[in-house]
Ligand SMILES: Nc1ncnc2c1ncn2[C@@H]1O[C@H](COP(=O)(O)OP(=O)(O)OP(=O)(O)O)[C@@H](O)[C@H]1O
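Single chain ahead, by itself, as structure tokens, in the form predicted alone.
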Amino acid sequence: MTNVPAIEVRGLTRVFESRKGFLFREVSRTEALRGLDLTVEPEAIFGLLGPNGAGKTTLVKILSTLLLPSTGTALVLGHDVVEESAWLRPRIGLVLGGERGLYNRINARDNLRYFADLYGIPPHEREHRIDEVLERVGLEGAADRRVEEYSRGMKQKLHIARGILHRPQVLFLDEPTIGLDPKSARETRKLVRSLVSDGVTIFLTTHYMFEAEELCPEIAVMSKGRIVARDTVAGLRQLVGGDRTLEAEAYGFEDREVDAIRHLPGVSKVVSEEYGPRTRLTVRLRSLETTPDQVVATLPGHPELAVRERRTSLEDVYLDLVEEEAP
């Protein structure tokens, strides 16, 4: 493992400008990235979470040399994505979610032959390498079928085969399981995990919390063009208030009751949400001091009260962090 970070970003910004109004004289500016800093160590899966419009895809496009930053620097494998893009492109791979980027009227093998030529893979290595990646993604039996006959999951496997065909050192996966059925998504995650054993650094963006928790030792949460938190899943849980969460449901709570819950030992946060005629209190706990029985005792006027304890999920963490960023 090298000491050079796989990815290093400092003060990165990206502003998109568009014109509107009479004769398009009015200029509208959208800040997609706002002074973003980020370092990713090599040979691991790094997860990036964030809502739509947070800037995730913009960042991936800059790191994969498809888009220029407005200001700041971005290094991949120690090389500048702007000044040294020609050096970087043969050493990085990009897989986008969805079905674009493949030629549907030809078979998978011919698709990979085309991309092998683009990547500059020597002709004497090409066929062997194509066979290798087809077997790796489990498409060897369908290699000679037209891509238009493939299921969405099979097409995503072919996208990954294309992305690793030239043996990249860094692989960018932007929503790789979006729209896949559970079986195909599970197979894709299994494939992604196996790539790390080849020494590949994987930069993964996803909307699926369980996917990030399953695959990524370290996760960053992005909101409004900035990184708002970065840690292990356990560290992120502590950041938003603890590993334990209690949920109390009844037909409404008075303000004094909610305030009483907030003052129980170890309570770090209480969120109230309406679910039809019922109200749910989500109680984040930093310690073991408060139990479900204590919550029941604090809310005696609710014979229909239901209280359960669960582990704080990554989805809880994500929603808390993004909520804190909301205007």
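As the structure is a prediction and not an experimental result, all values here were calculated from the model. Quick note: we count residues from 1 along the sequence shown, nothing fancier.
Here the subject shifts to the form predicted together with this ligand, a form of this protein not shown in this document.
Peer 1: If you check R244, H207, R136, R109 against this ligand in the predicted bound form, which one has a heavy atom within 4.5 Å?
Peer 2: Flagged contact: H207.
Peer 1: Which of T65, Q294, T279, T58 has a heavy atom within 4.5 Å of this ligand in the predicted bound form?
Peer 2: Spelling it out, the residue with a heavy atom inside the cut-off is T58.
Peer 1: Since the chain is shown here on its own, which stretch among 267 to 275, 284 to 292, 48 to 56, 298 to 306 would lie within 4.5 Å of this ligand in the predicted bound form, judged by heavy atoms?
Peer 2: Result of the contact check: 48 to 56.
Peer 1: A32: heavy atom within 4.5 Å of this ligand in the predicted bound form?
Peer 2: Output for A32 is yes: heavy atoms within 4.5 Å of this ligand.
Peer 1: Hey, in the predicted bound form, is E132 touching this ligand, heavy atoms inside 4.5 Å?
Peer 2: The answer is no: E132 has no heavy atom within 4.5 Å of this ligand.
Peer 1: Does E249 reach this ligand in the predicted bound form, with heavy atoms at most 4.5 Å apart?
Peer 2: Result no; E249 lies far from this ligand in the predicted bound form.
Peer 1: Decide whether E175 counts as a contact residue for this ligand in the predicted bound form under a heavy atom distance cut-off of 4.5 Å.
Peer 2: Heavy-atom contact with this ligand at 4.5 Å: present for E175.
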